[in-house]
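We begin with a single chain expressed as structure tokens, specifically the form predicted on its own.
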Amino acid sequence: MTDTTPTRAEHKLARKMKRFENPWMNPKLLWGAGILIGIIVLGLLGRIFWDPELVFTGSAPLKLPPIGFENLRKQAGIWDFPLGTDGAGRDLLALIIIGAPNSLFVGLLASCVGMGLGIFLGFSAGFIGGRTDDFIRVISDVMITIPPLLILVVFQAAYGDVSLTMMALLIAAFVWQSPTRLIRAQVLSMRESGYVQMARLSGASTMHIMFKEMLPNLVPYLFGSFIANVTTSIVTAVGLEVLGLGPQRIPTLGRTIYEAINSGALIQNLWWWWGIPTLLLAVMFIGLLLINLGLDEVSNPRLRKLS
């Protein structure tokens, strides 16, 4: 009698095939999403299990190192401040708990606004065409040549302290051009397809065709563009904050790095003051990169491999 019980190799192959058939369950996408969710959870639970008041100046001893290290004064780290403190007497863990989600919030909000504008303008230019296409294309071509960091530096230097939301909106004004151009190119290639022609013949409105018929086919591509915009927005925000611009009284990772550099942390060997926020930014960018690579596999079957 033949044994029909699946072997271990067959089980493994079946799992691989299942993952291949469902591209949204690829490891890169899951790991990247897990990293970003972890940062968000850190901000939410950290406010409950850790004292957020420790972000204020003078709330902790000065320049304590993390647990397991000593500073130049031979002071060892203590469990009351596990990641150490800065030169203004603030707890680094509290600054991370409050600052990391703030930096991520700026990137997400700027990308949401910029992508929303880019989707609307890109679809309008590519599908409607004519003078609408010419106008949107010229505006995006002009805006993409303007150095955004220079304009943002001038604006924030002129208006002083701004909120996180205002900074995100300012950054969003310079991240819609690239999605607009790329989405326009995709729509130009899609508008002559059969299902779009059928929708036109059935009397569907322009908005219905653009956002109900064509938009779902671009979802993986749009997600990838969104993640790229989040990365760009965070880099821009951190760049402004390291220059001493942006929100002055709201903890962010970029602001913490600026204060460390401005207070001579590099000379005083206070590596944890600037090193921990920098490391967390690197982890955040790795998470965004993994999500982007995972979305590439979702939208392009050629990139999927059985591993």
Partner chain sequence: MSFKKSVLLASALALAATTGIYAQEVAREDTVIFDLDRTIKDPENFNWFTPGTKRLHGAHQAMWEPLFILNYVSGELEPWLGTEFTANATHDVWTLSIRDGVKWSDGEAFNADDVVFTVNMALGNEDLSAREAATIRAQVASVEKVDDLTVTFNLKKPNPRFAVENFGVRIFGSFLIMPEHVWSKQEDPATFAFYPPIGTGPYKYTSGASNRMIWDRDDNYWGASAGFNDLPEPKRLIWLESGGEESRAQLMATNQMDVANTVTLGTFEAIQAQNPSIIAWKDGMPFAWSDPCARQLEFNTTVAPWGDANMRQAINHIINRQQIVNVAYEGTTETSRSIFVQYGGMEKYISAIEGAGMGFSSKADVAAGQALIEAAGYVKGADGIYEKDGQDLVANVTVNTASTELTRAVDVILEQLQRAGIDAKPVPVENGVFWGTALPLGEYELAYTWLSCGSINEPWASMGRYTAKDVAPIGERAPGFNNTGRWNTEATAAYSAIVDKMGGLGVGDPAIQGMVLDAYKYYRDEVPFLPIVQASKLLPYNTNYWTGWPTQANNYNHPAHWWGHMHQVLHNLKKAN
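Numbering follows the first chain given and starts at 1. Predicted model, so just to flag it, every value in this text is computed and none were measured.
Omitted from view is the form predicted in complex with the partner chain, to which the following refers.
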is_contact(D134, the partner chain) in the predicted bound form, heavy atom dist at most 4.5 Å: no
Distance check, G264 to the partner chain in the predicted bound form, heavy atom within 4.5 Å: yes
Contact test in the predicted bound form: T278 vs the partner chain, heavy atoms, 4.5 Å: no
In the predicted bound form, G77 touching the partner chain (heavy atom, 4.5 Å): no
Segment that reaches the partner chain in the predicted bound form - one of 234-242, 25-33, 52-60, 38-46, heavy atoms within 4.5 Å: 52-60
Option touching the partner chain, based on a heavy atom within 4.5 Å in the predicted bound form, out of V219, L72, V142, L150: L72
The partner chain: the contacting residue among G129, G87, P82, G224 in the predicted bound form [heavy atom, 4.5 Å]: G87
